[in-house]
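In what follows, one protein chain appears twice in different forms, each by itself as structure tokens: structure 1 and structure 2.
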Structure 1
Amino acid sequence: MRLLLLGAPGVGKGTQARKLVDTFNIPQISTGDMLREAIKKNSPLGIEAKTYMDDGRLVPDGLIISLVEERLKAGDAQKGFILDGFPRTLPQAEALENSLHKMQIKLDAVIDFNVPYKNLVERLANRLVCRSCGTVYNVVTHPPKKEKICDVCAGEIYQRSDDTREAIENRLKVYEHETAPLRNFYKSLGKLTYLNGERSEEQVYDDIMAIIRPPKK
């Protein structure tokens, strides 16, 4: 199964990707997570990426494309993968198509998550994330049972440094300018499926399963 989850920051791509990892036993390839890992390690990529990420700007295409090309070659991605947060620009999407073509593989589906913008600002501004397992909480609607401790793995819960109002506004603008045009790109390839991201986590998951495993007639 090779899936691409498309949609603005905060629509729930990461949450659903983690569920799909468990279902299909294939890796989630999240460029945001990979970059945050690079920042934690203080690697040259991390040092460069941080300046862009903290302001809510995109990391340059060249860096991201080579990062993903390498990741797609790893052994665990040979059975399939879930792309989350990549591609985010047309050059990235074209580079991905090129890489897949060379590997003689194709995406099974591109799922376009939709949530109204005003709800996304609230979701992101109130978002807390577990540093260990990535479980997402919301200060208002879904707080952890114990403050700063993950219900699932007892890891530390934190607020991302780009989940500030200013960076959120920037990220949503960048999404509209740079990433939203990818809908047309994948529509023209006949791969895009609309998904309502406002339903409950379980309903969204069921909708995704219905898209990737259509009922037999």
Structure 2
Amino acid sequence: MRLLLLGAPGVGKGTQARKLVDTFNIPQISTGDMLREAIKKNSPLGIEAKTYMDDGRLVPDGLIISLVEERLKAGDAQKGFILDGFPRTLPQAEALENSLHKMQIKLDAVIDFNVPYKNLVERLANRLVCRSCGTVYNVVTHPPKKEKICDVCAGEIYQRSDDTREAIENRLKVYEHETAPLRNFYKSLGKLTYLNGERSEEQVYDDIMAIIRPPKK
């Protein structure tokens, strides 16, 4: 199963990706994870990426694509993978398609999570995250059982410094500006499916499964 999850910050991609990882036993792949892993391994691409990051510069698309290709060739990705948060721009999407074509693999689905702007701001402003395992909570709708303690791993729960309303609104505007052409790109390839991200966690998961494993007629 090879999936690409699209959606603005706060739509619930990460939560659903973790569920899909458990279901299919395939890796969740994000650019942040790839960069950290490549740098940790001190690989040639990791060393090159670190020079940009140490200087506070953005890692070029070409290098990111090379990291993606390297990651998708790893043993744990041979049965499938979940791309989360990548690609973010049209040039990245086009380069990814070229890379997948060279590797003779195809995406099974591109799923775009949809939540109204106002609701996203509220979700993110009330979001809490576990420092250890990354489990996401919400002060209003899904608080931890014990204050500041993760239900899953007992790690520390905190609010991200960029989850202020001003920062949230800016991130959402940047995301929408970057991603609108990307949606059209995957729609033109016949791979894009829209998903209502406002439903419950369980309902959203069931909707994803219906997309990737439609009932037989």
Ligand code: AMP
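Given the structure is predicted, the values throughout are model-derived calculations rather than measurements. Think of the rigid core as the biggest set of C-alphas that the two forms share within 1.5 Å after superposition. Counting starts at 1 and follows the sequence of structure 1.
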Query raised in the report: Form predicted together with the ligand, is that 1 or 2?
Result: 1
**Report entry** C-alpha of Gln28 off by 2 Å or more between structures 1 and 2 on rigid core
**Finding:** no
Query raised in the report: Taking the rigid core as reference, does Gly62 move its C-alpha 2 Å or further between structures 1 and 2?
Result: yes
**Report entry** Threshold 2 Å Cα movement between structures 1 and 2 at Thr51, rigid core reference
**Finding:** yes
Requested in this report: Just grab the Cα shift of Glu37 between structures 1 and 2 for me, core aligned, in angstrom.
Outcome: 7.9
